[in-house]
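The chain below stands alone, shown as structure tokens; this is the form predicted alone.
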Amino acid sequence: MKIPTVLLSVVISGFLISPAVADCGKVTIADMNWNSASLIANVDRFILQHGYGCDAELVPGDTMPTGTSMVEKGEPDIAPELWSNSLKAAIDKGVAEKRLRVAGKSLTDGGEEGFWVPQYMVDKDPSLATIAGIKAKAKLFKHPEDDNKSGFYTCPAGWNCQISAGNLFKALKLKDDGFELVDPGSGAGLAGAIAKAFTREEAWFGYYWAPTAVLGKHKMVKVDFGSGADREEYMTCTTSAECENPKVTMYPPSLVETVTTESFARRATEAFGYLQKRGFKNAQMNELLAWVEENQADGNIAMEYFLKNHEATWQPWVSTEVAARVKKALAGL
């Protein structure tokens, strides 16, 4: 028996899928080598596969090689968490040449950097949420090797953020208030210094970034410099090792986007629409990353935890029909 063209559809998991969704086809998704990106990549894979009928596959990725490959080779189809500032010119060129399309922000409030103090210190003395308060109470922040000095924990040697943290230390004239830079030696050393302070409820002052498990487990307050964020100053001087006269500026948010190939955006319009809506706030991602670390979970396990326990977050990203298909697939895990 012939089926009228108007009724043609694809049935997946007992639900009708529109032809536009069925056209999704094979989709490759970059699985970056850090926890937040891997979580998002696995969430995208599961939702695209079970909600939109895509043949979704994860492929290894990293910021520079993935961005370059998408521009030059048209693959992978999706980079779920691309820190765009480091290759902005290439992305802009790819968009202008209709090779790439930016779906939206994967971290809606951007990647976050700053100088931080523990929440418990601010609860006792609200002035410590400001750089003026920090400078006035410098003696609280004992240097780990010399009690007569105050300690500021900077970024580990060799990391790019060591340059910006050092320039802002200089711009804020923290040395005049008795502070000395403390090199933690490694990322683990910096995280360990924070954990040690929280265990003892001691004073701590230093650089950190989000989203991270550390800021998910340990409630910190970003110190206000009273300057606002000057992106031009930050890009041209704060981040430069040759900057001789750095000025005070807060860290501007880092642009963290979901980027796809133009061919994917055109052939899979409904799936692309999901990516346009999908995004996480730093505070929520911090908590998720803390759960990942505590449970030693990989991206796939983290995806299952998120989809099963945070329906209120992800359901608005999709239609009622897609949500039903995703939940049915989750029930089978």
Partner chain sequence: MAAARPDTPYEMEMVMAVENWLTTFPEMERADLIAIRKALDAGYRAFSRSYGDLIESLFDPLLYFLVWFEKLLLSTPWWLVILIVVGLVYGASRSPKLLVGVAVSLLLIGYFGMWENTMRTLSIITVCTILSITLGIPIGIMMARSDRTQAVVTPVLDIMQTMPAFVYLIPVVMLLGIGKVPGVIAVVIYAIPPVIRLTNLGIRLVDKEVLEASMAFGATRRQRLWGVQMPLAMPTIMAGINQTIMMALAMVVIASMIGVKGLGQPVLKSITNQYFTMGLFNGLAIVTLAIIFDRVSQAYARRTQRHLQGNAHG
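Residue numbers count along the first chain shown, from 1. Values in this document were obtained by computation on a predicted structure and should not be read as measured data. What we label the rigid core is the largest C-alpha set whose atoms superpose within 1.5 Å from one form to the other.
There is another form of the same protein, the form predicted together with its partner chain; it is not shown, and what comes next is about it.
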Legend entry - Contact flag, Ala89 vs its partner chain in the predicted bound form, heavy atom cut 4.5 Å: no
Legend entry - Exercise: Met64 in contact with its partner chain in the predicted bound form, heavy atom 4.5 Å: yes
Legend entry - Non-hydrogen atom contact Leu174 with its partner chain in the predicted bound form at 4.5 angstroms: no
Inset, instruction - Give a yes or no for Asn295: in the predicted bound form, does one of its heavy atoms lie within 4.5 Å of a heavy atom belonging to its partner chain? - result: yes
Legend entry - Candidate stretches 149-157, 256-264, 95-103, 224-232, one within 4.5 Å of its partner chain in the predicted bound form by heavy atom: 149-157
Inset, instruction - Identify which of Gly166, Pro184, Gly114, Gly111 has a heavy atom within 4.5 Å of its partner chain in the predicted bound form; exactly one of them does. - result: Pro184
Legend entry - Listed residue (Thr130, Gln162, Gln119, Ser240) with a non-hydrogen atom within 4.5 angstroms of its partner chain in the predicted bound form: Gln162
Inset, instruction - Counting only non-hydrogen atoms and a 4.5 Å cut-off, give the residues of 186-204 close to its partner chain in the predicted bound form. - result: Ser186, Ala188, Gly189, Gly192, Ala193, Ala195, Lys196, Thr199, Arg200, Glu202
Inset, instruction - Align both forms on the core first, then report whether Ala157 has a C-alpha shift of 2 Å or more between this form and the one not shown. - result: yes
Legend entry - Ser263: Cα shift of 2 Å or greater between this form and the one not shown (core-aligned): no
